[in-house]
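This document starts with one chain, in the form predicted alone, laid out as structure tokens.
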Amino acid sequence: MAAVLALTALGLSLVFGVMRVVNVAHGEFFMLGAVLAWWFANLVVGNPALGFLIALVGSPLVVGALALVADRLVLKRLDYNPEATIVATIGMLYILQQLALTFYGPDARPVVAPISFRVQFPWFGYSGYKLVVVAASAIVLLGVWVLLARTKIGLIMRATQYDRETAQAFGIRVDRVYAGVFALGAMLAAVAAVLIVPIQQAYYLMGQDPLLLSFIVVIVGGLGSLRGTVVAAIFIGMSDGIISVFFSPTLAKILATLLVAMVLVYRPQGLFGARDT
């Protein structure tokens, strides 16, 4: 749960950090990733591993393309105005949700895990697929770090984040950067959904909790901090899971919200975020 939450929150953090857009529809891109994963996986009958692999590739690509279209048709026309884009992404949330309800239906549907072995530790057994989820999430996070820190594309993204006007003066097509970042954020959410859907189930309302927890992770970890996102996701994800099991999911959300309030009061930039100067 913590590993998947790190991917989802990183997508939200990238969009907010580079574009200054609060993407309220981010959870619905997560939901679409899960729904499309179910559809792709069912294209292959009798071979769960191949179906899952197709879903892992196809679902993020479709979600990223949809996010790209949404950016071109909606966000760009609003000139990425922070207030207007909040309202626009709320509209996207309900549109995507109702489209999923119309074409997918209200039922929760499972996706068969590509592997079914268990790893036997001295004191307990653990699902091998869950370990694969953690490893896959770590690989994707490492790939994003390499993209941001070691490539020209990452340099352009960081330059656009720090100073949009100066980046434009140097010939950077800021609108294209924004479109790419919005698509990348949605694709990260879709990858997270594909990884988690064999453990949970694809459902048209499943984007609500990931959106809330992603906002909490971004606020606690610090805007634009990859390290902060990972650390906060591990802490929030594990504490939410443990408290939900031994007490109640409602108490877990209450405590997470209280943590956000304390961070906003005592360290508004987040645990690992840079203080504005």
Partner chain sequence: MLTIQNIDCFYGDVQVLRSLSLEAHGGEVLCLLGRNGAGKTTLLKAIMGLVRVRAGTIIFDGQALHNLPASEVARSGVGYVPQGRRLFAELTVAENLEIGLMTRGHGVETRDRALALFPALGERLRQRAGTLSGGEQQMLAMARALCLEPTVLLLDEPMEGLMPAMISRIREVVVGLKEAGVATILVEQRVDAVLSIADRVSFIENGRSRETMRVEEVRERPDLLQHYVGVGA
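Positions refer to the first chain, counted from 1. All values derive from a computational prediction rather than experimental measurement.
One more form of this protein exists, namely the form predicted in complex with its partner chain; it is left out here, but the text below deals with it.
- Here is the short version: of Ala108, Ile199, Val132, Ala159, the single residue with a heavy atom within 4.5 Å of its partner chain in the predicted bound form is Ala159.
- This chain is displayed alone, yet in the predicted bound form one of Leu155, Leu101, Ile139, Leu73 has a heavy atom within 4.5 Å of its partner chain; that residue is Leu155.
- Within 4.5 Å of any heavy atom of its partner chain in the predicted bound form lies no heavy atom of Ile90.
- Not displayed here, its partner chain is kept clear of Val146 by more than 4.5 Å at the level of heavy atoms in the predicted bound form.
- Although the partner is absent from this view, Asp79 stays clear of its partner chain in the predicted bound form, with no non-hydrogen atom inside 4.5 angstroms.
- Using a 4.5 Å cutoff between non-hydrogen atoms, Asp163 counts as a contact of its partner chain in the predicted bound form.
- Heavy atoms within 4.5 Å of its partner chain in the predicted bound form are found in exactly one of 201-209, 92-100, 168-176, 185-193, that being 168-176.
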